[in-house]
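The chain below stands alone, shown as structure tokens; this is the form predicted alone.
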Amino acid sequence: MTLLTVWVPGDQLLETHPALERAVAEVGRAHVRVVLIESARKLASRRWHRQKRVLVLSALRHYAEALRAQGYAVDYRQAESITAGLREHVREFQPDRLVTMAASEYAARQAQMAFRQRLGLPVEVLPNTQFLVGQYDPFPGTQKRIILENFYRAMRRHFKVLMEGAEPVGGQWNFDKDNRKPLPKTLTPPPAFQVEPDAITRQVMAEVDADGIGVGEIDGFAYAVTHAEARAALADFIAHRLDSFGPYEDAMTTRHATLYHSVLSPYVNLGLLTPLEMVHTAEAAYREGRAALNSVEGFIRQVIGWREYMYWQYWRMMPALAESNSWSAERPLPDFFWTGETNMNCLRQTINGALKTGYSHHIQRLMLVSNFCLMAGIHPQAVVEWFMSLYIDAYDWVMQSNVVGMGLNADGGMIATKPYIASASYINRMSDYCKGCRFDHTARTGADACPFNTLYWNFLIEHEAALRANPRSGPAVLGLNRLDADERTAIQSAASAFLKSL
């Protein structure tokens, strides 16, 4: 009788896993063994946030227990590396073949291609089903620039999401113009969904705390680690936050860390939730009158628009994407990104929040962290390294495309058609950060000038020719017409002094 091993990587914790389905259909569950591996090399490969390490390890151990409860034979290993763990498994159990699902990350998938030679047995790598573009490619084989909006509409049509026949529900595809409100002082968002750590999670927390590796706080870990808990988190979002998500999805405040955001990205990126499960649940809330269309559409756009688009672009552009640096940024990342010790209140709030929980919402990541790093000329891979280390939902496929492409516009404009840069005026409009800051959000130069202002105008001056050549950057560059030669010189001098101080 043929004996099959199914290897499930730690970010593929799907309830319905194609490799398991294939193996069971072929030889029956009694002749299938699942191998799960904790890789010491992977855990030590960067300064992972301690809560990210707890999340991944606890979810993997819970997944092992769930498989055992379903009658699977599970070999759970702690090994020096994935390859070492698989070799140990093969020596001990002598399977006839290894079946697995294609990794979501470029380097991991390249390693999978070499497993047959390294392990000395046939290896079958099945297509990845964690992403919808693995099932449908809206623009197969194209080398043209595809903008997010066109990609999103194609995904909506194909998967029949928020559609009335051939037309979008509500008569328009995108309600983003309705979703740009700051959070009113009188409004207090509900608390974020939390899970009390069980015995397995507490054991992992103790291990992670004892080894002293990584960044960020471990106390207060309250993320879901099972499919049931992740579904409870989805239900909590639908019931308590989805209806107000849209209007305030771009808002930032010192009063609340998550506002009306779902905080579901850690779960879908691990496989504890699936994209269509999230989308269909949100659409049902709209159809049943429990959530406003602009909020539901905005959430769905994040899932089958933004998330899928980033994954699609990642595989379209790698490995060159990881080497992209179209703005020739070479400055190292300032130390305060690892400590949160900065006088810029917006960055202090965001970085310290990430150190505490491993989470910031998308506008903090894009319009504060990435905006600052783009204007300050921080090297793209230094920024990627920070995002990968700090955020609980971080994986190479999302951070290369989202940080290098969208956040830093370092890919030559293939992902985002313009650089997302903004001065303190935007931050003041969308947050309450400026009121608690020692810098003056209205000043461009001087000892009290907000660095976002100084860097914004300096970036426009330095890259004026390139920005004028991009029609989407035109309105911002036109502001330079109001600056005389003396003010330009003062801005550049102030920016130079600030950047040297970093």
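Numbering starts at 1 and follows the sequence shown. If you're wondering where the values come from, they're calculated on a predicted model, not measured in any experiment.
Another form, the form predicted in complex with flavin-adenine dinucleotide, is not on view; read the next lines as being about it.
Heavy atoms within 4.5 Å of flavin-adenine dinucleotide in the predicted complex: which stretch in 72-80, 264-272, 322-330, 202-210 meets that?
Contact-bearing stretch, as computed: 264-272.
Among 411, 229, 105, 393, which has at least one heavy atom within 4.5 Å of flavin-adenine dinucleotide in the predicted complex?
Residue within 4.5 Å of the partner: 393.
Could you work out which of 306, 115, 151, 175 is the residue within 4.5 angstroms of flavin-adenine dinucleotide in the predicted complex, going by heavy atoms?
Contact with flavin-adenine dinucleotide in the predicted complex is made by 306 alone.
Residue-level question: is residue 365 within 4.5 Å of flavin-adenine dinucleotide in the predicted complex, judged on heavy atoms?
Residue 365: yes, in contact with flavin-adenine dinucleotide in the predicted complex.
How about residue 398: is it within 4.5 Å of flavin-adenine dinucleotide in the predicted complex, going by heavy atoms?
Yes, contact at 4.5 Å.
Taking flavin-adenine dinucleotide as it sits in the predicted complex, is residue 378 in contact with it (heavy atom to heavy atom, 4.5 Å or less)?
Outside the cut-off, so no.
Is residue 314 one of the residues lying within 4.5 Å of flavin-adenine dinucleotide in the predicted complex, judged by heavy atom distances?
Contact check for residue 314: no, nothing within 4.5 Å of flavin-adenine dinucleotide in the predicted complex.
Each of 302, 360 and 387 within 4.5 Å of flavin-adenine dinucleotide in the predicted complex, by any heavy atom, yes or no?
Spot residues vs flavin-adenine dinucleotide: full contact, yes.
Under the 4.5 Å heavy atom criterion, name the residues of 403-432 that approach flavin-adenine dinucleotide in the predicted complex, in sequence order.
Going through 403-432 in order - heavy atoms within 4.5 Å of flavin-adenine dinucleotide in the predicted complex - the hits are 403, 406.
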